[in-house]
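Starting off, we have a lone chain in the form predicted alone, written out as structure tokens.
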């Protein structure tokens, strides 16, 4: 069976912590990267716009000696007459792994069920595991072990927040959400938090969505002041300026958003290495 990376809940803590440890080792070799993927090819499939996912996976593969093929869904036969089963089986004969960024989580699971190679979840409407791995890597760089930390989420309940919820019991951190859909106030969520996290209120494909109900959940200086001394602010980007977070917070010393973005590259190198171990990659 190929090693897929689709849901964090598919793995135990030891496995995920091992991937993060390898990500840290690969980051330390950023300017002298080992050629782990020499001769290997990653196909990247997109039906959503992408900056960080596309560039980080592309560079990750190439820095470690591999190759990439990039396709939008409307360039592929899966958008027409070909079945997911046929697409998965054909690509399995051409490339060594597939990263998919698409809306439909069930379709990704279906492709994985037929593929003879690894499928990596680059994002669906349900989850964003690669982002959370990069986030946890960033938290541990800045604050030490994530176990026992309080991570507070503000705003919408989306694929990123759902994946934080999935990660919390695996890694042993306290995840508190303050959204219009629950009764936790922003002040209660922020109080004594180690990390404050938010995301855009209007995700891809939600153009025209009303945002008035989210304004009380904007991350601002008042919320940061309730957090622990040394608390950090995170956002997976892009930011809708200045809706879900104020400019003051996003550009403050507490903000680690660009470290977080860079760590997508290193976390994804380690995820790729984990998935490709069965084809000869030495971790």
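Quick caveat: nothing in here was measured; it's all calculated off a predicted structure. Residue numbers count along the first chain shown, from 1.
What comes next is about the form predicted together with a small molecule, which is not displayed.
At a distance of at most 4.5 angstroms from the small molecule in the model of the complex, none of the three residues 139, 196 and 255 contributes a non-hydrogen atom. A single residue from the set 83, 72, 203, 103 has any heavy atom within 4.5 angstroms of the small molecule in the model of the complex; that residue is 203. The partner is absent here; in the model of the complex, the one residue of 40, 236, 250, 227 having a heavy atom within 4.5 Å of the small molecule is 236.
In the model of the complex, at least one heavy atom of residue 158 sits within 4.5 Å of a heavy atom of the small molecule. Residue contact with the small molecule in the model of the complex: residue 123 places a heavy atom within 4.5 Å of it. Stretch 159-167 is the answer when you ask which of 159-167, 104-112, 186-194, 173-181 has residues with heavy atoms within 4.5 Å of the small molecule in the model of the complex.
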